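Heads up, what comes next is one protein chain in two forms, each shown on its own as structure tokens, labelled structure 1 and structure 2.
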Structure 1
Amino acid sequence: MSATTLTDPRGADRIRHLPFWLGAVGVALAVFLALRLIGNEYGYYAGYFVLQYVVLASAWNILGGYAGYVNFGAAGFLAAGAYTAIFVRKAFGFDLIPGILCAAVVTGLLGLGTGYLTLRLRGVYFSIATLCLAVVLQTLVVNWDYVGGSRGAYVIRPMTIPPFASYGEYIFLVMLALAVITVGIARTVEVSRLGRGLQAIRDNERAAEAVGVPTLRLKLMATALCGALMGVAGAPLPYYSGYLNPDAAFSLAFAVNAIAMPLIGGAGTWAGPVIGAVLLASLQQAATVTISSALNLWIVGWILVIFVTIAPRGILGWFGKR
């Protein structure tokens, strides 16, 4: 392909952002109003469960989908976010929103550090490092008494937070806002120079490097962003459940879902993880009522294997184009 057809410096600006944001906010409002009309606390509870996976899957997709670097440590990043929120609450009395911001900073740095040490090598080394990261972070948290150690930590939930009908509604709305922002960020990344650079890395890293894509810098930016958003997905978790122990925070469910959801929906597109997360999380939420949680996870594992085998481009791949 000749260079002249590619270089349009303002190409990114032509992609319209306003309709997307209006649409996203519209969908969010519709979801909220529907749940409000139903008026059942369980609706908020289940909604939060799905939305946290929308955030987690979109975050994974930024590095995994666009750049093709697999992060196995989603549970570790998520738990690091959750425990940062617990720590700043206990140490400085920070509430949920500042806690989320702190979590983003801490897990972003964690991603940056892991990436800095391993990303100059082949992608598999990064994957292996993230695979161990969760185990080590869990060791640290279990040994760290200040945040509850293996006994876990409590966050006392107030009954209501004034403008909202219930605490469940409040925490749901926070997660809804986070989900909209995260999907928006993921989409912006996709159409920006960062996203295109990452896609070039995925398709052929050496060629990308040769034509002047700053591969290491882009990968580090993506790792930091991916880590930060995973932390954001986890920060409200202790506020949502009221109690958090290492086993719940480092749950295998997060690690497998963060990978399964984007791959099932269609990795490398902003919509893929959303589709995957909504489908798979709803399925799991519905199934927990009838089957055991282990069987539930087992099914997710099988779905992951079956999808990467027969539909390597995910559900969106069925609709052609790519």
Structure 2
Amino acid sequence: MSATTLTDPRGADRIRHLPFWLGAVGVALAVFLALRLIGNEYGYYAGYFVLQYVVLASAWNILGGYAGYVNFGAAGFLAAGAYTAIFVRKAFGFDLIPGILCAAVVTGLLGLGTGYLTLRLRGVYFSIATLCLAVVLQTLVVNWDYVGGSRGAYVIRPMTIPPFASYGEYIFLVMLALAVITVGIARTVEVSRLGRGLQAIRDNERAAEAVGVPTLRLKLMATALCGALMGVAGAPLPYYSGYLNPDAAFSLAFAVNAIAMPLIGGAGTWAGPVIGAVLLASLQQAATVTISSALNLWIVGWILVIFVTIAPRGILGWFGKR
């Protein structure tokens, strides 16, 4: 052990996290090289679809899994990120990457404000409040002509962006990087004092307050981080589809999948949302190609019922039990 590790705890933390980051980057690189070898443009767009849900589910898990506060407003935060990207593109000419950063700031502040107003509520009352937030945001967007209103907004996509082979490859790599960063943040939160405090809140909030855990401050940090990452998941959406309207941005599928994926994979762990997102999003993408996209929520519903019955703690909980 080096002298730096002995005198600086942060050095030990960096060493402990290094294998994860190396592994995450290695997996991401392997996925990209596999798609490059396949050479099918559709693979990039299908991969984007899966990775978007990895980001969304991991973001939801920070508040819903670690702290136990179920957020029904995931679609609202995702749509807020998407429309922030549209707004800054029209107003300032910002491209995708600056749009993602702006979306993270706006939705992070939105999450902070929402948390300040609603986190004194508990249980189902908090969940209803987040659902109402999504309805309010959708009403605002529908009546905001500058970002397209009910007509929707178009984003003209270039055919290629050097040095990338295609636009599909570019948008996939952006979402791949966002997925690695988001999962890394979720894991860091889980093993940090913030994560331990949130888990204490989930187990027994009154007991956590009694022993000195700053519950309100931790919940505000969690809502701000959760909102920012959900906005990041939504910011590339108009660049991916080329057209976005309120019905698509505030789709029920985003809200349902954001909850179902961590529950199926194993809520309260950083790996659970990743497993659930890869499994469910891949099945939905396969159903879209082979049968119909109308079956997506039907598939999610049946899988959720099965797992709630057989493995209420998700895939990781089921294997861990054995």
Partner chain sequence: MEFDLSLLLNGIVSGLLLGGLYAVAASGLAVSFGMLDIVNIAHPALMVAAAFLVVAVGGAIGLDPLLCAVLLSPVFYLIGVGIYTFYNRFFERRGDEALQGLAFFFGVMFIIEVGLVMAFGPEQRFLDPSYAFTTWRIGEIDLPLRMLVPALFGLLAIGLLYLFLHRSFIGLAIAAVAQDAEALRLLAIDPVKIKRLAFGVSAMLACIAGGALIVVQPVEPSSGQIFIGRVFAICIMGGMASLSGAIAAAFLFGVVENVTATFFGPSWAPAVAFGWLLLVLAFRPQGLFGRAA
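Since this is a predicted model, take the numbers as computed values, not measurements. Between two forms, the rigid core is defined as the largest C-alpha subset superposing within 1.5 Å. Just so we're on the same page, residue numbers count up from 1 along structure 1's sequence.
> Could you point me to the form predicted in complex with the partner chain, 1 or 2?
Only structure 1 fits here, because that chain is the form predicted in complex with the partner chain.
> Return yes or no for A46: a CA shift of at least 2 Å between structure 1 and structure 2, with the rigid core superposed?
Comparing forms between structure 1 and structure 2, the A46 CA shifts below 2 Å.
> Spell out whether the Cα of G23 moves at least 2 Å between structure 1 and structure 2 when the two forms are superposed on their rigid core.
No: G23 shifts by under 2 Å between structure 1 and structure 2.
> Superposing on the rigid core, I want to see if I291 changes position between structure 1 and structure 2 - specifically a Cα shift of 2 Å or more.
It does, since the I291 C-alpha is displaced 2 Å or more between structure 1 and structure 2 after the core fit.
> What Cα shift, in Å, does I310 show between structure 1 and structure 2 once the core is superposed?
Superposing on the rigid core gives a C-alpha shift of 3.3 Å for I310.
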